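Below you will find one chain, with nothing else, as structure tokens; this is the form predicted on its own, and questions on how it binds or moves follow later.
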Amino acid sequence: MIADPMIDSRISRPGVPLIDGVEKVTGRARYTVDLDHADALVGRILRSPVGHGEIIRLDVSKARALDGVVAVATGDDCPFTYGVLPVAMNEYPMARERVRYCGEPIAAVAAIDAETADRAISLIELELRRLPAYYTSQEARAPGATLLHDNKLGNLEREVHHEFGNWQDGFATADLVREEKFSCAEVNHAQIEPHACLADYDPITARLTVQSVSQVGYYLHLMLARCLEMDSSRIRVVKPFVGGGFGARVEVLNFEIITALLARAAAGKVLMQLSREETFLTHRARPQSDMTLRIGMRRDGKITACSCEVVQRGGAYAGYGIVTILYAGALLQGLYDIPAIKYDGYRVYTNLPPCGAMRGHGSVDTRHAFECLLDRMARDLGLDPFAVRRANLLHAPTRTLNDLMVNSYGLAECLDRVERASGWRDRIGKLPAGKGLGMACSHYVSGAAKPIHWTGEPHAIVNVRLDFDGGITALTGAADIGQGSSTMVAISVAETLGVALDRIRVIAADSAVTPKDNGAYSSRITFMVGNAAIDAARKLKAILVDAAARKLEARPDDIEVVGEVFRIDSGQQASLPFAEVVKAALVDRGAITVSGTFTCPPESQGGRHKGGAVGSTMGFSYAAQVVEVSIDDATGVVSVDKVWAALDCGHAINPLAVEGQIQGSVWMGMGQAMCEETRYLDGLPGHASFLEYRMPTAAESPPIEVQIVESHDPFGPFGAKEASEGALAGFPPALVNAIANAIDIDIDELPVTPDRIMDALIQRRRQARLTSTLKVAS
């Protein structure tokens, strides 16, 4: 589908506040725990106290006998595994036979109040036989290590080996080859709203209604039907307001299925509200990653080859692991023109909570390593970092070596924008002591071109309904989790029809009312749902134009729509207001509902090599950043003075939302780069609350100057691409490169905390003293 240029020319509105913004800022928005649960039972979960063990005995009889306890569930009540990927479902909602991480659910209760539920949990008798537990990738991969899953030798969930181009020749012909090791800590999504689920089972109709924090109601629907052995038609999934996701809620989470199991056992309603610590345990975070990266480069900055090994600590179960380890290699490509790439990826099972998808899924850590090493090689060759990036630009349209399709490419303009805005040429290397500038680039997909659950259905469906009142309702299964997708749908429909935005109502993510959508992940909604919304609106517009033409006794081709007025475009005065056209359109047919769809064509769905569909997309966003820092060499504290970020989003359908998404990406990247780190103590997170898990606050947040670059993608809705993830991966390497510019020290480990800065400074001072001593001695 190619965007209509007649419509594109009109999309120049200034930023539009999100259509659900008033409800949020006034407190009227109802999140899961705000829903009516006065008559709901309270759910609680018994969790494993050990990282790895065999369940010898589990006795729930005392809990079941406690007054006020209505339902008890254990792993015996659900013999079915679940998971986000059909080929990697190896997790039970509650452990059966073995526990594989501290905090894994073992049993659950539903009681009349929280006190009774907590008491019931304490009465459950559990006997475990400890098994060896491994909390690092190195331990889990060691020879002789106990297998966490009997069918996964070496505790490897997945290993990937890809070669594209002649990388041996690429390194042989390079003027400079450099290899470095990088490590990035595990980081949590740290969304504001803790996990919660409200499940209501009606025993008379045998119907289940689940309202939860899910980003992908469709996946939740599938797994509820699977795990509860229910007909899908008897399940309704509704998404209330969601207080942040960032990928934490892309997968179905164990507590959601447990809540539904309890509701059915209790023949009623159950609310499961996890504490912040439990939310950390049910985290699906970005995995800790160790990377060995090697790049070959000519003297002019042109990359000749790249090899990369990535080891990801994936946690106890599969989750998104297979996809994550593939993304880490696939998205080495698509940003620069690289003639040869070798990639080796290893996703390792460990006795920790399962990791999953997080904003910039799979690409952030490897992009950090790549951009840091590019800067170091630029220094070695005496080249400017901007010049090195420009020496390796792609030219759209093109296909990468791994068959990723690039249809629009605004990275060159992004580089120009941040270089000028930051005053890079005049300031680099000339700042006072302890201050520095750094830059980096990044990109991300606009939706996965091949859905995880392949059904043959369209990638996105939007229904648009018009009735006697003249109101237009857009129905979409897409989950708005704060990114503004419902506002985007409203704008797309309004602009296509040529009507006022306030005439549009959006109803989203209710499986009983809205059409199926694949969900909020991989920044797919704007591209795919936006195109579907435009398709539906075009169909409705054609019906209205036909009705106006009949009323005006003209041909449909002669009708134009301007400001909710349908008129003959020959300059005649004959015209009809929108309300009159609606009446004419409804004659003999009543309310009108049209369905719009979008499906990615086969050519966009990746290469034929194993894992080739991962990274495939209809369009990439592109970003460049400059970060300015100040460093206190007495304390190791790094302060970010300012950030300049430019992102090619194709076309900014809603510039206000785009700017906010870019700022949010930069801020999240800052957290990963400077302070966020999930550390474990004997398998339990040592940072299980927002008091201990360190995130940037308003006090540390710098001014972020956003530049929106519009390359106009030929397949995007109005030329748009994604805007919420592409800028994230650029901040960590830009920060590290700025630190190197400020104090001439390269940091290889994230986050760059004050203690790591001080360790590096002390090591350099010791080395300097040793060198001085050796010189004197000689």
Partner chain sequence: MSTSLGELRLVQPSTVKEAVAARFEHPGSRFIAGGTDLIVNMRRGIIRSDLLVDLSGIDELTEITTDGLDVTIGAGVTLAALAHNSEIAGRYRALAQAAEAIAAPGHRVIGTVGGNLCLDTRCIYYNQSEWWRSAHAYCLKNRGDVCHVAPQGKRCHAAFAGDLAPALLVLGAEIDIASAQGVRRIPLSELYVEDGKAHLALADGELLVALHLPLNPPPSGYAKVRLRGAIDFPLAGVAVALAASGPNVNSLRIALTGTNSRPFLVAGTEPFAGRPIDEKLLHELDRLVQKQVQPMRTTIASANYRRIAAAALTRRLVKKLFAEGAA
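In this text the structure is predicted, and so the values were computed from the model without any measurement. Positions refer to the first chain, counted from 1.
The next section is about a form of this same protein that is not shown, the form predicted together with the partner chain.
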Margin query: For the interface check, one of 81-89, 365-373, 531-539, 695-703 should have non-hydrogen atoms within 4.5 Å of the partner chain in the predicted complex; which one?
Written below: 695-703
Check: Can you check whether Cys102 is within 4.5 Å of the partner chain in the predicted complex, heavy atom basis?
Finding: yes
Check: Should Leu131 be counted as a contact of the partner chain in the predicted complex, where contact means heavy atoms within 4.5 Å?
Finding: no
Item checked: Partner proximity in the predicted complex: Pro49 to the partner chain, non-hydrogen atom cutoff 4.5 Å -> yes
Item checked: Partner contact for Glu278 in the predicted complex: the partner chain, 4.5 angstroms, heavy atom -> yes
Next item on the list: Could you work out which of Asp682, Asp300, Asp76, Asp467 is the residue within 4.5 angstroms of the partner chain in the predicted complex, going by heavy atoms?
Entry: Asp682
Next item on the list: Identify which of Cys308, Cys675, Leu475, Ala185 has a heavy atom within 4.5 Å of the partner chain in the predicted complex; exactly one of them does.
Entry: Cys675
Next item on the list: May I ask you to list the residues of 199-234 that have any heavy atom within 4.5 angstroms of the partner chain in the predicted complex, in sequence order?
Entry: none
